[in-house]
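Here we start with a single chain on its own, the form predicted on its own, put down as structure tokens.
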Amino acid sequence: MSPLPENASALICLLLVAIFSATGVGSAGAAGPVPRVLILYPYDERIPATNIVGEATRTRLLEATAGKIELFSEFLDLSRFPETRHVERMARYLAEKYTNRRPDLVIALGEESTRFIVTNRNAIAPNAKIVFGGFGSATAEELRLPDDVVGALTEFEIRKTIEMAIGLQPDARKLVVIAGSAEFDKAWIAAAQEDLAGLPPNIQTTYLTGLSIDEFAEHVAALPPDTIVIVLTVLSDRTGRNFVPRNSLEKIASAANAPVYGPYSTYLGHGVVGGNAATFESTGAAVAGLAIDALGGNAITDVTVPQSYMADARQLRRWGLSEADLPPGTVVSFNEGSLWEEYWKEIIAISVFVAAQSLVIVSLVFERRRRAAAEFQARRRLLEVIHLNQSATAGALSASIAHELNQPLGAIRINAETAAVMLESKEPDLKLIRQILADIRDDDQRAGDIIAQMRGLLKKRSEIDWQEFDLKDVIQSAIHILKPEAERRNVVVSSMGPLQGLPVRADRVHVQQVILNLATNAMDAMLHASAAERNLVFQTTLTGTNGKVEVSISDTGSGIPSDKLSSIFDAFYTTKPAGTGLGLSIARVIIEIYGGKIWAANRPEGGAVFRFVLPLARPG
């Protein structure tokens, strides 16, 4: 590779210099020091007014320079230490302190700070520009400031505050203007007297000064309610006690018997109804704007900070003043909105939640009623089906029942005829006739019982007849009904069980129907068995801890096919040519209604056995 020609290397170097210059990369080390700004506060750190102006100024300067600025703050404390020795001592101190860091610009907040830095400029910041804020043009003219000292002029037109008060209190005839005993306070009184010279003659103006803070409070407490009270500043009272003006205002306003007004925005929220003033935030922004232009080398001149009317909605309500009487454009603070305006989002959310919850509740109630109606209909249909099954059972047993009924009726007839014959004899055997009559009564009772049992099977009910009864009695009743049919089929019926009662709580007719269904099925299953082997056995057994009773009905038939055992209780399942397939399914429903269980099995010795259990009403 051959080296580049000499003129080509020089051209490349020129291009690199041009590129670096354009991008600023090579100029980083040549950047100058950041500007230094000294902010002078006239009082100590407790005074809100100058603190707000200073903080607004700092914020604006830091934003405009992206933080590339050195800011220093000094509190001169000239209210508590107005003596010349303190001022001179403070000037020497600051001159020594900033020997190696002379400010490029000094911001003086308030009259005292401006006078201080103008007087001591050569010692503290000999080449610095000076920007002031916090007082009006009259004060600036009085100070005879040099031409290069400019600022944001804040005009305190106390007359506008008075006009605002007269608009709110048109019937007021007395005006009281209050100021403290400090030099600054006295200057306020002088300015107010000059500004209020042309007030209407029907308003009596009193300037109240030279009192202690307690005397101020006592005086305003005794004023008539239609008085207008103006509090200027009370930096110190007659006793020499120093105050933060906002705190002295609060004490006076809380004791006042009439509405209180003031010329400072910092008074708002501390007892004044309102006033006309430039806000301290806007003063700080204006001062910062002048400082930025001055540091940028731009020409600057005095600017005036705009003023506005402001009011406290709470104080308006306290004194019964109408917001409609405020000057146009008044900024009303602390105006609490209605409950809807303050919490409309929360109210909507809660309303939606309540509405949704109500909808769910209504839906649940509707669903519950619909389910209850469906359950009622289902129960009614079930009872109808059970009744149909009862009727079918009664029909199947009607022949046997009729045969059973013929026996007492026939006996009654024979006994009656016999008794009639005996009564026709000369000496009737009255003892025998009495016995015949007793037999007639017993046969009549037997026939009545048979009819009552038949009526029970045929009775239709719309509700379950809950009752407690002895299960053994129901079994014996069923055996009695089945007896004629069993005899006709040559079936031997027997029963076994414990001696004590077996109380259960259910519908007696329903349980009897289950027993009759199972027993008639058992007798049907023994049709093809030999006459000597037809045995129908009822057995009751206490199970568990005597909490349930088990009833088994076994036969000696051919049994149930093992693959059908699990389905014989299904609806419409039957092995009979003329069966409906509903008897066993209805039996299962009845037993389950009363908290029981039913099942079937084949006996090892042959035949089948059906069992069901019911809970005892009074477990032993």
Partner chain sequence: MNPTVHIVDDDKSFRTAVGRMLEASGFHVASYASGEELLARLPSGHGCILLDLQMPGLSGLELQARLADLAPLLPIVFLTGRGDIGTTVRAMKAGAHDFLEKPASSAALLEAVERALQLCETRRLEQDRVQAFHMRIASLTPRESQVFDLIVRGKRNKQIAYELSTSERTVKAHRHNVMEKLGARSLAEVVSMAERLGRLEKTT
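Positions refer to the first chain, counted from 1. The model shown is predicted, which means the values in this text are computed figures rather than measured ones. For clarity, a rigid core is taken as the largest C-alpha set superposing within 1.5 Å between two forms.
We do not show the form predicted in complex with the partner chain, though everything after this point is about it.
If you check in the model of the complex, is residue 448 within 4.5 Å of the partner chain, heavy atoms only? Contact check for residue 448: no, nothing within 4.5 Å of the partner chain in the model of the complex.
Considering only heavy atoms, tell me if residue 540 and the partner chain come within 4.5 Å of each other in the model of the complex. Because no heavy atom of residue 540 falls inside 4.5 Å of the partner chain in the model of the complex, the answer is no.
Is residue 358 near the partner chain? Define near as a heavy atom within 4.5 Å, in the model of the complex. Output for residue 358 is no: heavy atoms all beyond 4.5 Å of the partner chain.
Is residue 368 part of the interface with the partner chain in the model of the complex - any heavy atom within 4.5 Å? Result no; residue 368 lies far from the partner chain in the model of the complex.
Of 441, 381, 488, 92, which residue is found within 4.5 angstroms of the partner chain in the model of the complex when only non-hydrogen atoms are counted? When the partner chain is considered in the model of the complex, the option within 4.5 Å is 488.
Of these, 422, 300, 211, 145, which has a heavy atom no more than 4.5 Å from the partner chain in the model of the complex? Only one listed residue qualifies here, and that residue is 422.
Please identify, from 321-329, 409-417, 287-295, 386-394, the stretch that has a heavy atom within 4.5 Å of the partner chain in the model of the complex. Contact criterion met by 409-417 only.
Against the rigid core, is the Cα displacement of residue 237 between this form and the one not shown at least 2 Å? Moves: no, less than 2 Å.
Rigid-core frame, C-alpha of residue 407, shift of 2 angstroms or more between this form and the one not shown: Yes, the C-alpha moves 2 Å or more.
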